[in-house]
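Heads up, the chain below is alone and in the form predicted on its own; it's given as structure tokens.
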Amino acid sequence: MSEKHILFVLKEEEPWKLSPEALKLNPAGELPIFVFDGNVISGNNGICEFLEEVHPDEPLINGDARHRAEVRRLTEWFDNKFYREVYRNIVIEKVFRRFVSGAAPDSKILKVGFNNLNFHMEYLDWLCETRKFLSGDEYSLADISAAAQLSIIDYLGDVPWEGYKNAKIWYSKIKSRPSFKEILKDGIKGILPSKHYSNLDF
């Protein structure tokens, strides 16, 4: 919405303990939830596709049919594959478990997450070596999806940027985008961000 210059108000929710209001809006009990003129739209894909249709200026699923397919492919890669193989094994263990049960993260699960992270960083670095942005020459939803997943892992200080210079340069560009200004101001109660987290140049 920031990239499309749409005014909006954010409401904070704890994913591990949604409010009754959020559950009423989306009985599936999942975020994000978008309320627009009395309409309720849930899920990343549904919300983004809706915004593309009603606000076609500054398109984020852009280019010709083949390029739009690539944007959607990479968006799905990070929203699903990266989430399942990396985010869930690191962030759920280090953050969610702390607030849900007060338990320490499982080191075996973390190890799987970190191993998978290196695989995904190699792919990300290769994409950034061959393209200006992830899907091509234009900034797209794929960049937002990838950077959103990485941002909280970077907040925790767990992204090995030094080994992936192309990905690091790409992420530095993303940090200066309108859609990331507010994200870089976010915090997690009781967990301090890495020193470089909000530094645009690391």
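Numbering starts at 1 and follows the sequence shown. Fair warning: this is a prediction, and the values are worked out from it, not measured in the lab.
Unshown form predicted in complex with another copy of the chain; subsequent notes refer to it.
Trainee: Hey, in the predicted bound form, does Asn80 get a heavy atom within 4.5 angstroms of another copy of the chain?
Mentor: Yes, contact at 4.5 Å.
Trainee: Is there a heavy atom of Asn45 lying 4.5 Å or less from a heavy atom of another copy of the chain in the predicted bound form?
Mentor: Asn45 belongs to the contact set for another copy of the chain.
Trainee: Mark Val35 yes when one of its heavy atoms lies within 4.5 Å of a heavy atom of another copy of the chain in the predicted bound form, and no otherwise.
Mentor: Although another copy of the chain is absent here, Val35 would stay clear of it in the predicted bound form, with no heavy atoms inside 4.5 Å.
Trainee: Answer with yes or no whether Ile169 is in contact with another copy of the chain in the predicted bound form, where contact means some heavy atom within 4.5 Å.
Mentor: No, Ile169 is distant from the partner.
Trainee: Looking at 173-181, 131-139, 158-166, 24-32, which lies within 4.5 angstroms of another copy of the chain in the predicted bound form, counting heavy atoms?
Mentor: Contact criterion met by 24-32 only.
Trainee: With the partner left out here, which residues of 42-66 have a non-hydrogen atom within 4.5 Å of another copy of the chain in the predicted bound form?
Mentor: Sequence-ordered list: Ser42, Gly43, Asn44, Asn45, Gly46, Glu49, Phe50, Glu53, Val54, Ala65, Arg66.
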